[in-house]
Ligand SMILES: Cc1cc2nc3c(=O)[nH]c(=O)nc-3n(C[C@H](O)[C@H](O)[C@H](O)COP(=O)(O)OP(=O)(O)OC[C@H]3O[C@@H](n4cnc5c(N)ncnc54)[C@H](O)[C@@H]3O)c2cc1C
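In the block that follows, a single chain appears as structure tokens, in the form predicted on its own.
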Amino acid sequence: MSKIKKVLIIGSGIAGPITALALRKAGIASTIYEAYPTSADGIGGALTLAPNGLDALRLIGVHKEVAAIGQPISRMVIDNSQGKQLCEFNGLDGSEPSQVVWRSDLNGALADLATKNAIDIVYGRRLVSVSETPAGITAYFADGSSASGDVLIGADGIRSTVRALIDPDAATPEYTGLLGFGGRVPAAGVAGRSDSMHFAFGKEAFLGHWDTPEGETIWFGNLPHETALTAAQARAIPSAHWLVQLRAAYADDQPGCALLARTVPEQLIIVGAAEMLSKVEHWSKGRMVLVGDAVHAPSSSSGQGVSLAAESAVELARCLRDIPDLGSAFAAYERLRRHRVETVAASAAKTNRNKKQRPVAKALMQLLLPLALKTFLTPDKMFGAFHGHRIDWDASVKA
């Protein structure tokens, strides 16, 4: 039985509620503190929960609710710039389909689950500092309030305040050189099946798309851009301006050209700079520890951001459940997670480089890819280590 009675979780995005629910399964109470005054309703684009992430959610009893708001994707297809299929991946044997969900829907579902499980979410609490004693840790917020507990977990995203408190010289987000965009249009009939997600490296830019059962085509893409723009900065620029640039980038591609022609400014989803956090030297200090994007954010190219956050939340809960000494528990947690998350980040960085390749290099890659897929680059080698990862909740963690 853990000696930890109360945990303070900073951040109510995705990692925060998942961590709180994992701790609850481990018999540890927590309260979530969120800097913003309200929940993130209607904010953000779509994201993918891979089989490994869904399995982690199943362990803590929230898989059914998450699956209810998602669209199953059992087939991933890589196309060339003209929509011709180069290869497909139908999932690992024995694994369930991935789920694509809207970030705002996932935020809402997780917040509802936290409330139903008597986990409080306190809004309008922006963390500014902490103090520690042998007996516990106290968090101080910008509004003058404070809260005390046994452990403080930073689930406060890629610009984590907790990460900076642990290490003022900690790594900061790296701009990938790509801006993210998306859109939803009346079904264009380009995916063929609603269980398929297509990925294409066009002549100038990357594009992904899928059809929904409700009769829409959702697309997402990356536009190489010299300057990093936050979502707010990118959205301050008229959508019509971005559509001109996107249509030019996809002018020689299919179905990119057709999808962008059907997208009107009101339908454009502007995500902003694609960033990643590939290596954080210090995951914990004293009674503080990091989880989710605060400690590993492999960029959206990995398709693993939320899934890795769910895995880490579960592993951290197991370590706090089984190892009484905090320092040893945090060390075990980092030992279980560091190699895996850094491997995923390295793979995502390679994908980002491919997305920024010049047209000639992309054409060469498309010529060589079919041969590679027939020889050494099999789907199982591409996705098996990522999608096939499983956690044994019942196994005891050793210090």
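Note that residue numbering follows the sequence shown and begins at 1. Every value quoted in this text rests on a predicted model; they were computed, and no experiment measured them.
The following text describes the form predicted together with this ligand, which does not appear among the structures shown.
With this ligand left out of view, which of A67, L47, A29, L336 would have a heavy atom within 4.5 Å of it in the predicted complex? Only one option qualifies, and that one is L47.
To verify the annotation, which of these, L127, M288, V314, V77, has a non-hydrogen atom within 4.5 Å of this ligand in the predicted complex? Contact check passes for L127.
Would L23 show up as a contact with this ligand in the predicted complex if we use heavy atoms at 4.5 Å? So L23 does not count as contacting this ligand.
Although the partner isn't part of this model, could you tell me whether V306 comes within 4.5 Å of this ligand in the predicted complex, counting any heavy atom of the residue? V306: yes, in contact with this ligand in the predicted complex.
Can you check whether G292 is within 4.5 Å of this ligand in the predicted complex, heavy atom basis? Contact check for G292: yes, within 4.5 Å of this ligand in the predicted complex.
Distance check, G157 to this ligand in the predicted complex, heavy atom within 4.5 Å: Looking in the predicted complex, residue contacts with this ligand include G157, since a heavy atom lies within 4.5 Å.
Listed range touching this ligand, judged in the predicted complex by heavy atoms within 4.5 Å, from 256-264, 200-208, 119-127, 324-332: Going by heavy atoms within 4.5 Å, the stretch is 119-127.
Could you list the residues in 3-28 that come within 4.5 Å of this ligand in the predicted complex, counting only heavy atoms and keeping sequence order? Those in contact are I10, G11, S12, G13, I14, A15, G16.
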